[in-house]
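Form predicted on its own, single chain, as structure tokens, below.
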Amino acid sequence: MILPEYYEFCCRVKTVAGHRALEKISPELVRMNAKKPMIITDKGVAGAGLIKIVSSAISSSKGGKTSVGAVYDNVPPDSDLKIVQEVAKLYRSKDCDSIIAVGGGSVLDTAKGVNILVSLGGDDLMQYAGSGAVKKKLKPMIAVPTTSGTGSEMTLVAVIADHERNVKLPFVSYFLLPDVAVLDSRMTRTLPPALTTSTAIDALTHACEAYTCMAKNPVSDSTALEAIRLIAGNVLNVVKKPGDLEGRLALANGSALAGMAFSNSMVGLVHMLGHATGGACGVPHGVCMSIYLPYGLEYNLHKTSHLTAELLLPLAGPEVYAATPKAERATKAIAVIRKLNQDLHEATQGRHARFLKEVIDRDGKQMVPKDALPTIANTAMGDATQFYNPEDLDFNDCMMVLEHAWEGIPLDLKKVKKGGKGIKF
């Protein structure tokens, strides 16, 4: 491997992990001189009884007393600008001084948006959109993920939707990193099988793209590879045995490690298409990642085959890696991911989607009609992640990938263009 001439890596999030890590929340708040936190969550998390577990852990802690000042439990599946304003208003009215975000990516991203407004003032979150607009330290924030997928507890990014324009807006700043991430196996125990699978493959995608895209570096590589090993080695067993707390904790750690990786090395084509599909059709992000991951690796294969080949070791283990000829390891790695998607599809009785035409809503309606693909491709072309992808893309390239992903047909590698900016690693 040729080292990059220059790179940066930063993850200053304190990690507290274990089967009883929640009991450390109160001492951590006291350490940060916070005494009246607001809990931000969603109806699903609250309905599953997880807020009661968190509140009980806080009240029973012997390492310092805090009192929950308010609970907001109505965060929607997609972070929304109006919801951020609503939560910030409640925070201020209750004189809270810190945030405990308990939930998946939407909750954690919403909490980051709220923290911007309550720390910096005002109600216009849009003025802080983009990269580097948040320039000051924010209020204390503790992230308690209830899915093992987004890695948002370890990232400097929040993605929040503007539903009036059907777009998702990125907010990027080191000040968006939570102060503490609490990884507790109890928080994912009630996660339904289909959500367990899609969120886990979301994290797997973070790690795979972090390892193969253009801003990779030695530190992000190490966290990405360990994330892949933990996720690939545990997700299927956790789906089959939901009470496997060791497996749950392994997935939580894998997701956090993947978050560390991609927060410092960025992502590419898979997220480019995923963001656009979520914005245009409302498909959950983890579902998009599960579908697009093998296609993104395939499209970039002629530039990154040596890197994709290295993914086979954490994906399938040393025996498979050693038994696979060197020239076949890259395509074998992609085949392993497709096989994993197939196994998860079967383990969830078909609820884990393998390709776009399988994605349906609660009423059984197809969420991505084929005539929506041009809209997705056009939207994708405006996504900033394309600049970190190893190969250039235009509208026709996006359409080719989307059409194959819709049908569930692997790409014809002979039709993938060879050229563009390339990669040095």
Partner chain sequence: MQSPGDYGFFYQAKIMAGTGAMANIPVELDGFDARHPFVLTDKKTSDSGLPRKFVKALGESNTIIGALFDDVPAYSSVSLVKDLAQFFRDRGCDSVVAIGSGPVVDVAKGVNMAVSTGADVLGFEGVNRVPGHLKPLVVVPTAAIKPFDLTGNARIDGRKFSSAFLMPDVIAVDPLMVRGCCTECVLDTAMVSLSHAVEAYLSPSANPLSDAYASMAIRLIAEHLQKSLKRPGNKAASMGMANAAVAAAAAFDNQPVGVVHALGMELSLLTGNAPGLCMGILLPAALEYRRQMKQEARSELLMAMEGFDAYAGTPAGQRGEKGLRSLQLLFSKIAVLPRTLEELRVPRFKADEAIQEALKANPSLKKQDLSAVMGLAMKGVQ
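Positions refer to the first chain, counted from 1. Everything numeric in this text was worked out from a predicted model, so none of it was measured. Here the rigid core means the biggest group of C-alpha atoms that line up within 1.5 Å when the two forms are laid on top of each other.
Omitted here: the form predicted in complex with its partner chain. The next part is about that form.
- Only one of the listed residues (223, 155, 205, 198) places a non-hydrogen atom within 4.5 angstroms of its partner chain in the predicted bound form, and that residue is 223.
- Contact annotation: of the candidates 120, 313, 245, 126, the single residue with a non-hydrogen atom within 4.5 angstroms of its partner chain in the predicted bound form is 313.
- Among residues of the shown chain, residue 33 is one whose heavy atoms approach its partner chain to within 4.5 Å in the predicted bound form.
- In the predicted bound form, no heavy atom of residue 330 sits within 4.5 Å of its partner chain.
- In the predicted bound form, no heavy atom of residue 404 sits within 4.5 Å of its partner chain.
- The shortest heavy atom separation between residue 72 and its partner chain in the predicted bound form exceeds 4.5 Å.
- Look at 107-115, 134-142, 347-355, 79-87: in the predicted bound form, residues with non-hydrogen atoms within 4.5 angstroms of its partner chain sit in 134-142.
- Taking its partner chain as it sits in the predicted bound form, the stretch 307-331 comes within 4.5 angstroms of it through a non-hydrogen atom at 310, 313, 318, 319, 321, 322, 326, 329.
- Residue 133 is among the residues whose C-alpha shifts by 2 Å or more between this form and the one not shown once the rigid core is aligned.
- For residue 120, the Cα coordinates differ by 2 angstroms or more between this form and the one not shown after the core has been superposed.
- Residue 300 is not among the residues whose C-alpha shifts by 2 Å or more between this form and the one not shown once the rigid core is aligned; its shift stays under 2 Å.
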